[in-house]
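Quick setup: one chain, the form predicted alone, written in structure tokens, and binding and motion questions come after.
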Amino acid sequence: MSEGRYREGIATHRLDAAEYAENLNDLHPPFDRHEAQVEADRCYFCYDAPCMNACPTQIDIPMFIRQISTDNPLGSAKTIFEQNIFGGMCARVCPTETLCEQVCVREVAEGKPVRIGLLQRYATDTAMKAGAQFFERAPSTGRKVAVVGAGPAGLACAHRLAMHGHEVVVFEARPKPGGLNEYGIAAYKSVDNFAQAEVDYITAIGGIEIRYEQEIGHHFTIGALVLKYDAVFLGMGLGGVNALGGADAQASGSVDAIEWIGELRQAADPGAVPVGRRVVVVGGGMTAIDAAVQARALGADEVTICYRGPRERMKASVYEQEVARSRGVVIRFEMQPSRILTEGGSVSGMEFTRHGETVTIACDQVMKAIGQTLVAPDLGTAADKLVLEGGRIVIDAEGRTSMAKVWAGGDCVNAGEDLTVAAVAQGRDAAESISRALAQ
């Protein structure tokens, strides 16, 4: 280990290069051909399969697994991509343990489900490595659609619109596409620049232009897009980060977890990303788990996740909690944040209230992972004004908003869970609704 490992406070390069490579390596090594076929043979290929009903994108799971079992991974990938063009990333980040695999008949009967996620990854990776493209653009309709946000919802919408022959212009606030797939997913879940490779694969269909560093409310308005384009899809996600309120403090060592994860994702040298010796992560969702596990991976001696609710309400799945514990992360429940303690302008600890008592945890870094908020200055001033509920855009079953010619999907809307797979489904379905509307 490097000498930085035992420095007090926030430091960089706590470990050597080999340790970073090992700690941030693929969480689940992919199946090879033989492993995939053996696992596929475990599937009962159920009629009216519960796994398919549990998938937000309604992938025909028995079909794609049967195709793997008959040594047809490209056909399997086509079955997946027909419903979920982000099937590769979803295979890596979906909480399959609480979706398709949870209801697998093998899980119910034996406690060991078919490993659907890894089988999906095997098929989609095979297709992407082969450069196999299964979809072509229909003849041009002459219609042009604006998409705000190059994340899963926006690009799923753009791809489906392109399939129907429409031209799509995507407005992305960041300098790179992918949304949270690029900036917010733990490094050990998506290695080898997969997020960018997937975007390249998706946009290869043609007819999709992405304009970067174009922020809603600053570089364009919804009203202007409505006037210029035949339809608009809003998929900009959630740009703001919730604060701890009175428990917060502007101190060195107090960071937003999602921003810290993004910094690590974009770092050429993971060792250059500062991490505390003792880290407290406040939150109970996937971001909290990802931040905590990666803090340990970067050399933190002690990492504690503090969730304000009871164990059964924690949003991160039991499986993800176990991944964190296996990496040395401590998870504490019913810890209500009181205040961040500081010393000389730097974090020195975090104070919580638990069952009426004060609990203090000494730390030099606090990561806030308590959710995000919708930040889009133009929403409330749009000509027809979008209706918001709970700080998110209200949509109907087809993704239509209250504003004419405007659809929305993904984390910015008030429908479904904040999951990549749900965002993809909403983007895809909105595209179908837009196409029907444009054909009238």
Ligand SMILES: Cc1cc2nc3c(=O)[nH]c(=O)nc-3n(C[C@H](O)[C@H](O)[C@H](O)COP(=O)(O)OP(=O)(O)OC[C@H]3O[C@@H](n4cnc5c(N)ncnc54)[C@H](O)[C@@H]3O)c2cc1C
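Keep in mind that this is a model prediction, so the values were computed, not measured. Residue numbers run from 1 along the displayed sequence.
Below: the form predicted together with the named molecule, not depicted.
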{"item": "Listed residue (88, 276, 237, 283) with a non-hydrogen atom within 4.5 angstroms of the named molecule in the predicted bound form", "value": "237"}
{"item": "Listed residue (150, 303, 161, 367) with a non-hydrogen atom within 4.5 angstroms of the named molecule in the predicted bound form", "value": "150"}
{"item": "Check all three, 95, 173 and 185, heavy atom within 4.5 Å of the named molecule in the predicted bound form", "value": "yes"}
{"item": "Location of the named molecule contact in the predicted bound form, chosen stretch of 138 to 146, 202 to 210, 335 to 343, 228 to 236 [non-hydrogen atom, 4.5 Å]", "value": "228 to 236"}
{"item": "4.5 Å heavy atom contact, residue 287 and the named molecule in the predicted bound form", "value": "yes"}
{"item": "4.5 Å heavy atom contact, residue 180 to the named molecule in the predicted bound form", "value": "yes"}
{"item": "Interface membership of residue 425, the named molecule in the predicted bound form, 4.5 Å heavy atom rule", "value": "no"}
{"item": "4.5 Å heavy atom contact, residue 299 and the named molecule in the predicted bound form", "value": "no"}
{"item": "Heavy atom contacts to the named molecule in the predicted bound form at 4.5 Å, residues of 256 to 281 in sequence order", "value": "258, 261"}
